[in-house]
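Just the one chain here, laid out as structure tokens, in the form predicted on its own.
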């Protein structure tokens, strides 16, 4: 039986299982067993046992639950509210005014949470009622929140970059550092779009009527100090090589707990709730990763990835042509799966193709995260859209329409890092 036929059969089996509502992790494991039983000559039980055991005690993976816990702690503390209060006085005279709170607030919280959904929920809970009460247009409120919350996937520490690093055996520290400049580039693009819209239609932005003195702005900025210290402590220790990502995540959790208790409004019950939520999320992701590892091993036994890479090589596709095809593929896939599932489902098959045309796997990780960010605001399964719908009660299609310009900006970001790959690689190459 030819490889395209085998691949089509396996893809059909996967789609049937996912459509039936089976968990992604179980679907991956079941698909791997089908591949081993019918299309490979390997001991299924032995491969299953060794793969699951070998991928369940990775020291690198220990950073994942720690960063998730750090984000959960901040989500439940007053530190998130302090970000809004600290940023608002500085933005009163900027074109777009307080809409920039969504952009900058998401960027700051993304740098300490690592989660797109947590970023959307935290910043949206603060900013949406406040901005609506001040008369800002609903489409821009929802659009800036949906688009900017995707930064949680890119700006380090990013959960999905950890997943990609574990799946591809890349350096987590180098991936984190590679995401800094693209993340700042997207922040500038989002803020520029908001400012441009405000300049083109000045009547849609309400006049705040409140002006702050420099002293009042500086006093408000003190609320940002704890969060900024947390970001500097975590990322600074990784970039300088003082700590590994796992060590830095542990330090971040300790600092987050201390700051949350010191800020007030955070008690032992909140800490327990954060621990339980982080445990559920971490177990879900770890379970998916184990299923993906088993699928990757089983696909290796079938020989499909190796043959697919060889086939791509015979087509002599340019790197740009391959990236154009993959971009469409990932956007379509992201309409039906969450970002982590997209990464773990495709890595074992796509990576040999990418390496065959000479694309840097470190750069490809940032590209992949950017495309997955686009899928977070793509109906029907854009996670950010669901989060914002739950916060506001607004129809998900209206939220998707509001986020459409930011989808375009993310696509522009993909084009920019493709044309100028140094945006991704310059900082990792400067590391020791």
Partner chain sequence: MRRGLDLLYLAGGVAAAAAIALICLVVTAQVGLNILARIGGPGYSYTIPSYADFAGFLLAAASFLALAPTLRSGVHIRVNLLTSRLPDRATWALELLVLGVGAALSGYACFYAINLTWESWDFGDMSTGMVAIPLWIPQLAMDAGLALLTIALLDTLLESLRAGHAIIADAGEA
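Residue numbers count along the first chain shown, from 1. Rigid core: the largest C-alpha set superposing within 1.5 Å between the two forms. Bear in mind that the values here come from a model prediction, so they are computed numbers and not experimental data.
Not pictured, yet referred to below: the form predicted in complex with its partner chain.
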**OP:** Work out which of 411, 9, 22, 417 lies within 4.5 Å of its partner chain in the model of the complex, going by heavy atoms.
**Re:** 22
**OP:** Please determine, with the chain shown alone, which of 250-258, 190-198, 324-332, 216-224 has non-hydrogen atoms within 4.5 Å of its partner chain in the model of the complex.
**Re:** 250-258
**OP:** Decide yes or no: are 88, 134 and 402 jointly within 4.5 Å of its partner chain in the model of the complex, with each residue judged by its heavy atoms?
**Re:** no
Original post:
Does its partner chain come within 4.5 Å of any heavy atom of residue 386 in the model of the complex?
Top reply: yes
Original post:
Does at least one non-hydrogen atom of residue 13 fall within 4.5 angstroms of its partner chain in the model of the complex?
Top reply: no
**OP:** Evaluate residue 139 for contact with its partner chain in the model of the complex, applying a 4.5 angstroms cut-off between non-hydrogen atoms, and reply yes or no.
**Re:** no
Subject >> Proximity of residue 290 to its partner chain in the model of the complex, heavy atoms at 4.5 Å >> reply: yes
**OP:** Taking its partner chain as it sits in the model of the complex, which residues of 390-411 have a non-hydrogen atom within 4.5 Å of it? Please list them.
**Re:** 390, 392, 393, 394, 395, 396, 397
**OP:** Verify the C-alpha shift of residue 125 between the shown form and the other one: is it 2 Å or more after superposing the core?
**Re:** no
Original post:
Comparing between the shown form and the other one on the rigid core, is the C-alpha shift at residue 290 2 Å or larger?
Top reply: yes
**OP:** Note yes or no: does the Cα of residue 147 move by 2 Å or more between the shown form and the other one after the core is superposed?
**Re:** no
**OP:** Given a change of 3 Å or more, say if the Cα atoms of residue 234 and residue 125 sit closer or farther in the model of the complex than in this form.
**Re:** closer
Subject >> Cα distance between residue 33 and residue 350, which in the model of the complex differs by 3 Å or more from this form, closer or farther >> reply: farther
